[in-house]
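Okay, so here's just one chain, in structure tokens, the form predicted alone.
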């Protein structure tokens, strides 16, 4: 099973459970406290996912390693390409 299928099946299961509790589809008659928590739960989970994603991206950007040899090689390739294009008549 692919990761996408795992995530979609898990989200589907959670969605069905949330709908069953929130809309009282099983006739369990949950207490009002449970309903007050379950109704805004998708919004809370979406905000939590956004905060987690933002934190993860920020952390990865802050700890990104520079690769000096690769940067020097890239600069050399850029200079080589510029001289090649200038020899063919392109002006920068």
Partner chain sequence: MASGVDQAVGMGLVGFSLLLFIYYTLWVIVLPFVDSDHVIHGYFLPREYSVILPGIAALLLVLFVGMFIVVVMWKNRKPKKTQ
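In this text, all values refer to a predicted model and were calculated from it rather than measured experimentally. Residue numbers count along the first chain shown, from 1.
Separately, the form predicted in complex with the partner chain exists; it is not shown, and the next lines address it.
Interface membership of residue 58, defined by any non-hydrogen atom within 4.5 Å of the partner chain in the model of the complex, is confirmed.
Using a 4.5 angstroms limit between non-hydrogen atoms, residue 66 touches the partner chain in the model of the complex. Proximity of residue 51 to the partner chain in the model of the complex falls within the 4.5 Å heavy atom cutoff. The partner chain in the model of the complex comes within 4.5 Å of a heavy atom belonging to residue 47. Contacts of stretch 72-89 with the partner chain in the model of the complex, defined by any heavy atom lying within 4.5 Å, are made by none of its residues.
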